[in-house]
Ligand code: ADE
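This document opens with one chain alone, in structure tokens, the form predicted alone.
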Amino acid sequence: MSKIGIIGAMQIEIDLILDQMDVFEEFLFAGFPFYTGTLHGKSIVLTRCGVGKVNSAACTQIMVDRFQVDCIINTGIAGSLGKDISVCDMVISSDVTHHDVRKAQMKNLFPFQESFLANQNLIELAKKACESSDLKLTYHCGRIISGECFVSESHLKENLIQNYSPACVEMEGSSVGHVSFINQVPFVILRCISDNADEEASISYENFEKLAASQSAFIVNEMVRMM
């Protein structure tokens, strides 16, 4: 049986999935909680990695090494960087990259990738889950960028748009994709939009954080059900 790894940064991003799981065992490695069990009859490893790229990279590597997962789905929330991408829309990663690492460094140093491509089968499954869910969510497929900061300034937002042509920005997805790539594990990053990555971002984030996190987790739940 295939084993599905699911990663969320914060507890609210995994609560819905954890509530639906039949949990068999709980583990704690390097401070990260890992829950093993089943969801819709599928073998699942669920974890909370904490905020930021270093945390998510460490957690992803532990998941690969300790649990030998066959694919990884990263669920969470993000700030919109697309004019047609609104709060509570879903973004499915086409690829992911670090916006706080120079492109030349990405290209010329190991693992010699300017970005990391998400698995096409997982992308299509995520699209199908969005289309078939009762939530009737609007979804977009595009580049997700990550860095060690919460983007809440218009000048930074415009710079990121100009340099990367991304759909959204957050703080974990690129490192999950990076670690998945070097371990040859298929992955996809899912984000529900909580804010517009501008001066109103903090207020919007507080208002929509829980809803956005729950909607992203719901789509992951649908994906597992459809596998």
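Numbers follow the displayed sequence, beginning with 1. Computed from a predicted model, the values in this text were never measured in an experiment.
Below, we refer to the form predicted together with the named molecule, which is not included among the displayed structures.
Heavy atoms of residue 151 reach within 4.5 Å of the named molecule in the predicted bound form, making it an interface residue. Of the heavy atoms in residue 78, some are within 4.5 Å of the named molecule in the predicted bound form. Within this chain, residue 57 is remote from the site of the named molecule in the predicted bound form, having no heavy atom within 4.5 Å. Looking at residue 179, you'd find every heavy atom of it more than 4.5 angstroms from the named molecule in the predicted bound form.
None of 42 to 50, 59 to 67, 25 to 33, 187 to 195 except one has non-hydrogen atoms within 4.5 angstroms of the named molecule in the predicted bound form; the exception is 187 to 195.
Contacts between stretch 151 to 174 and the named molecule, counted in the predicted bound form as any heavy atom lying within 4.5 Å, involve 151, 169, 170, 171, listed in sequence order.
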